[in-house]
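Presented below, as structure tokens, is a lone chain in the form predicted on its own.
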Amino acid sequence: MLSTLRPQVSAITNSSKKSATEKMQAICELLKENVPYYDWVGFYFRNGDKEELKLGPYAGAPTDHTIIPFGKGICGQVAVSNQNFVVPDVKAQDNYIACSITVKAEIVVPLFLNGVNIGQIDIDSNTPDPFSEEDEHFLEYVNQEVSKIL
């Protein structure tokens, strides 16, 4: 199912009529609307020279977590580790920042530009343990496409 979304993601990033922010917003909405277990989809980016992430475009319920310090929560850990982080059960994570009581699982995949981790895509799911290796590969692809417009 995810592979069928790849051409749509590419079409969004290749569109010349929209800004990078508008393209990322469109990708968030595409993923949230087409993947049943993607309940919140958003991008976080390094906030200038600060050791923190700042919320970028997203689709889903508003969040209070617009700034996340490096090392804090799943997103903050990925900012430091540069590795994908799949959380099948958020309740089992000590260093988890709850965005919503309905969230059961999370996946965060770092976004690299010229080999540097500049941000990430973050997906929350209200479904327990929904993420597979296919999700990781798909989100890595999404981030590669997004890096071309930044």
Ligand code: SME
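From 1 onward, residues are counted along the sequence shown. Nothing here was measured: the structure is a model prediction, and the numbers come from that model.
From this point on, the text means the form predicted in complex with the named molecule, which you will not see here.
For the named molecule, fitted onto this chain by superposing the C-alphas round its site in the predicted bound form, the count of atoms within 2.4 Å of backbone or C-beta atoms is zero, giving an open pocket. When contacts are judged by a 4.5 Å heavy atom cut-off, residue 63 counts as touching the named molecule in the predicted bound form.
Looking at residue 79, you'd find every heavy atom of it more than 4.5 angstroms from the named molecule in the predicted bound form. By the criterion of a heavy atom within 4.5 Å, residue 124 is counted among the residues contacting the named molecule in the predicted bound form. Residue contact check for residue 112: none of its heavy atoms lie within 4.5 Å of the named molecule in the predicted bound form.
Contact with the named molecule in the predicted bound form, judged by any heavy atom within 4.5 Å, is made by just one of 97, 35, 59, 86: 97. For the partner-free chain shown, 40, 44 of 15 to 54 come within 4.5 angstroms of the named molecule in the predicted bound form, judged by any non-hydrogen atom.
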